[in-house]
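One chain follows as structure tokens, the form predicted alone.
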């Protein structure tokens, strides 16, 4: 073998040695990308916020047709249809189109506080909590009275919300995924839609409100 052929052979061997790890990495990356796609698809399948925002085909459908009740249970067909049951209650444009808080205020409903003792009085806490929102949207006002007229404190505390200022990180992503406020809203209470935003974001920002600056911006302001 002459010198020229030896040089060509060495060059080829060197190029193969260099490219082999790269080809292996590309193969691993491709396999990793494939597994990642499968993983993302599985996560996407578990995402339920689209269900909360889904436009219903029929308002207050009868129990056998609402997609919630078990049609294999004979009792489902005995239940009173909502459109009949809700007659006389104050209307609303949210959820199942009944203003349940107004219905209690007008004494059209009297929720039973204790399953056994009908004379048991509810523990109503008339206290509002204001949660400031960093964005320009109005701040959130959480009214305890309207909630505790229906629910005992133990329904929310401490499993869902820790009763301590600053201890709960609440965001719309978690709510839309059925967490935090979304444990009830979107299931047994009015859903989170673009029309219902104002029911929670009800306290306007002050006239002189400015968006807060991050710590990094305060330390190294851009000029």
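Numbering follows the first chain given and starts at 1. The model shown is predicted, which means the values in this text are computed figures rather than measured ones.
The form predicted together with a small molecule is left out here; the points below concern that form.
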property	result
Contact test in the predicted bound form: residue 193 vs the small molecule, heavy atoms, 4.5 Å	yes
4.5 Å heavy atom contact, residue 163 to the small molecule in the predicted bound form	yes
Distance check, residue 167 to the small molecule in the predicted bound form, heavy atom within 4.5 Å	yes
Contact flag, residue 131 vs the small molecule in the predicted bound form, heavy atom cut 4.5 Å	yes
60, 68 and 83 all contacting the small molecule in the predicted bound form, non-hydrogen atom within 4.5 Å	no
